[in-house]
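So this first bit is one chain, no partners, the form predicted on its own, shown in C-alpha cells.
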Amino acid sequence: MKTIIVSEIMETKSLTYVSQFPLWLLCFIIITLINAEEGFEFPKNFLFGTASSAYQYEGAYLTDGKNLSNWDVFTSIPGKIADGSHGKVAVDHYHRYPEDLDLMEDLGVNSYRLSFSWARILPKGRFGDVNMGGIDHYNRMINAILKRGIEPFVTLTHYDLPQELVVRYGSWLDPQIREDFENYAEICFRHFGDRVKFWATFNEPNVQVVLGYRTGTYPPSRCSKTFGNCTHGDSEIEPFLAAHNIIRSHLAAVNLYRTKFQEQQRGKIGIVMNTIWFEPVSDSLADILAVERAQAFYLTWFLDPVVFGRYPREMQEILGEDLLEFTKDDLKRSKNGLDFIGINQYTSRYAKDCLHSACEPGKGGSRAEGFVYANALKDGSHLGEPTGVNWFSTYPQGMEEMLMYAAKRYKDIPLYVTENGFGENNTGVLLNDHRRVKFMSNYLDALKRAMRKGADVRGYFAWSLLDNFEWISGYTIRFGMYHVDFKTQERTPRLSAFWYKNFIFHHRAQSKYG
C-alpha cells in the first residue's frame, strides 16, 4: 500500500511539474522521442540507470562507526574547494536513500550505479576491525534497491579511501596498498556478492592519479612546482607509481573474485575509466600521432596493462625504464583482468604535438604527459559547444568515437557508459534545463550510432539523479535531473527527469523489455 501511495503522490507531483513548462519544451521532448532512430532496439537486458558516489551523495561522515576518509580531511583545508564546502552532509543520501530510490523507480531505471565508502566499512583499513554499522547500512540499501526491481552496480572506491592508509604509509604510493585493497574487496564480495552482480574496482583512476599526484588539485595534493602549488611531490614520477599500484590492486581484486567468489555468485567485475575523445588540432602527421599519445597517457595507460599485460607502446617509447615492471603473477592475472569496461564520457579536446613541435611552456609540454597539449580551443574556437564549466564542452561525436575506439582496441570486452551528464553553473533552480535534455538526447543518439556499428554497449548511466557535491567545485555546479535545495534537502524534478523517464519508457517498450 505504501508503494502505491508514494507512486500516486509522485505522479501528481510529476503532472504539476510538467504543467510548469512552456509548450515548446514539451514539444521538443515529443519530437526528440519520435525522431529516435527508426528501427533501433536496445538489447533486452540493456541497463538504463543513474550514477552516484559515496562521498558526493552520502553525507553522514562520521555516522555509525565511519572514520575519516581522505576527502573528509582534504575538504577541511581552506582554499581547496571552490565554495569552501564539504561532503559532511552532501545530499544526505545515507538517510534519504529510500526517497531517492523511489525517484529512480518512478524514472523507470533498472540499475543504479553507486559506490561504497571504504572508510565506512573498514575505518582503519586492515589495521582495524570491520565496521558492522557500515555493513548493515549497505545491506539494507542493497535490499531496498533490489526490492524496487533495480540492479545494484557497485564501485568499490570512487576516489575516497580511509585516511588511516594515507597517514600510515602514503596510500597509493606504497605497494602495500594492494594488500589493503584486496582485503577490502574480499569483505565486500563476502557480505554483498550474493546480491551484487556488477562490481567495478575503481572509478576513474586516471583522474585520481593525474589530479592527485601531478597537478595536486585532488588529495593527497602532491605535485612539482612547475605543475601546481604543492608542498610535496614529484609530478614526473609519482603519478606512474600510484597508477602502477592501482593497476596491481585491481588485478589482485579481480583474481580474488575469480578464484573465490565468481563461480558461486555469478557476477561480473570490471573497472571504470574517465575518457576524453581527442581530435588532432591540425592535419599534420605530428598532431595525428599526438592523438594516440594522448590516449596512451590517459586511458590506455590503465587498460592496456589490465588487458594485454603491458603499458602502451607510446608510453614505453617515451618513459622507457622509468615505467615500473609487472611481476609474473601480475602478467598471469592480466590475461583475465576484465569482464567489462566502464566508460565515463563527457567531453572532448584537441591534441597538439609537443614532441616535434614547439609548445608554449606549461601544461602539456612535458615528458610525463607524453609531450601532448590538450585543449578545447582551436584558433579561439571550441571543439563542440562550451557549457560554462571550464573543463567541459559538449561534443556528441566524441561519445561515438570513444566507444568505437574502445570496442576496436579491446575486442570482446563489453562496454557500459557508466557516467554521462550535463553540468551547469549554480545560477538558481533552473528547472527548465533544456540544455541538459539536448545534451542527453544527442549523446544517446551517438551511443546508438556506435552500437549500430558494432560496439557492444550494454548500459547507460546518467550522471546524475541529484545535484550533489562536485569535488573541488563544491556545490557550484549542478548535474542533477532533480534540483536539490541544499538547505532543506528537498528534491524537485527538472525537465530532464521527465525526458529521461519518457526515453526509458519508449525504448524499453520498443525492445520488448517485458
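Everything quoted here is computed from the prediction, not taken from an experiment. We number the residues from 1 along the sequence you see.
Not pictured, yet referred to below: the form predicted in complex with a small molecule.
For the residues Phe302, Tyr346, Trp71, Phe278, the 4.5 Å heavy atom test against the small molecule in the predicted bound form is passed only by Tyr346. Contact annotation: of the candidates Glu204, Asp180, Glu314, Glu400, the single residue with a non-hydrogen atom within 4.5 angstroms of the small molecule in the predicted bound form is Glu204. Figure note: of the listed segments 58 to 66, 451 to 459, 40 to 48, 468 to 476, the one touching the small molecule in the predicted bound form, with heavy atoms no more than 4.5 Å away, is 468 to 476. Shown alone here, Trp463 lies within 4.5 Å of the small molecule in the predicted bound form, counting heavy atoms only.
Contact between Arg436 and the small molecule in the predicted bound form is not found at the 4.5 Å heavy atom cutoff. The small molecule in the predicted bound form is approached by Glu419, whose closest heavy atom lies within 4.5 angstroms of it. None of the heavy atoms of Ser235 is located within 4.5 Å of the small molecule in the predicted bound form.
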